[in-house]
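The chain below stands alone and is given in structure tokens; this is the form predicted alone.
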């Protein structure tokens, strides 16, 4: 049997290594659309004191040893489902018995008046990050469009360089889709304390060729770089051309299998039914989900029928603050706060029947990590913990695990 994996990010690399770990001895082709070796993306928005470094994905050094054929600087152009072949931009054709699409996502383009804004930059690749951080310096004027994770992480790093940072968010608050309002307000306050200027609830009217941004209220913001972090789009074009089912990404079942039984999809590009959330189809963009889904897809391609049901987990480091979120709070009807200390707290999000759906924590360093980890385990067990215990920072959440169903 021959397996082809399109995409050499966290998900694709993990899937290729997991196949070998599961004992698969057939041919594996890993299609890497970049010239660089497979590398981690989270460090791109959080460079070290020495600047942006290309950090290989864990296990990349094993690809050759594990007889995984890496096709670098080559893009998959099409999938012939009848012939079971993938056509590459270097004119190769890769036959497959099983195929995994792990093409990830790309930044959502900034569009004004129906047209893309050519002055806008984005952060997705190592080359993007290096081009940005190589020019950031004291008094450099960086304007960030979008108050999501990427925009805020870059704002924090740019302030360390001494840059003049302005952040524009058209929504009523930052982190509106992912983080509870009370925690988002603390994050915003920390950025303001560091010198970031915010324009919240403001829309952009225009961006000049010289990168002068004009808001709809007439405010003008001169910029050396305009960086857009306004969301992402799943890379579904290959799947669309192959006429696979699409729905908020490439639609897959619990085994990460597409509408073609020989083709699987995993990572940022796919949407899947989650058993912990009424089997609603969701799409998760996170480093850990990409890794876990790569592992799960490998097992599924080798015959496992288990459904993917890992608890979603996200994190973000900004200045001295760490934000961690376990689970999804979209159907929560109640929040219980657990104040760990003066600067750290966790919000537990409960369903109407008392089941723990999610936990959102913010604190200095690792102050919230342990409780978030136990919350994640309780979510996986569909636990309905006593609210008094959740609110009491002296109560050990670990003790609830043994009584959870």
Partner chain sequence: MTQWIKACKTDDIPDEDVIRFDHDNKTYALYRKDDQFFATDGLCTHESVHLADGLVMDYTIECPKHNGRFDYRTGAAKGAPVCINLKTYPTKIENDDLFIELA
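Numbering follows the first chain given and starts at 1. Only a predicted model underlies this, so the values are computations on that prediction, with no experimental measurement involved.
Quick note: we don't show the form predicted together with the partner chain, though the next part is all about it.
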Margin query: With a cut-off of 4.5 Å between heavy atoms, is residue 106 one of the residues that contacts the partner chain in the model of the complex?
Written below: no
Note to self: Given that the partner chain is not shown alongside this chain, does residue 317 nevertheless sit within 4.5 Å of it in the model of the complex, heavy atom to heavy atom?
What the structure shows: yes
Check: Do residue 40 and the partner chain share at least one heavy atom pair within 4.5 Å in the model of the complex?
Finding: yes
Check: Going by a heavy atom distance of 4.5 Å, is residue 36 a contact of the partner chain in the model of the complex?
Finding: no
Next item on the list: Could you tell me which one of 369, 53, 352, 64 places a heavy atom within 4.5 Å of the partner chain in the model of the complex?
Entry: 369
Note to self: Using a 4.5 Å heavy atom cut-off, which residue among 27, 70, 336, 377 comes into contact with the partner chain in the model of the complex?
What the structure shows: 377
Item checked: Which of 265 to 273, 307 to 315, 170 to 178, 186 to 194 sits within 4.5 Å of the partner chain in the model of the complex, heavy atom basis -> 307 to 315
Notebook entry, point to check: Is any part of 184 to 207 within 4.5 angstroms of the partner chain in the model of the complex by a non-hydrogen atom, and which residues would that be?
Noted result: none
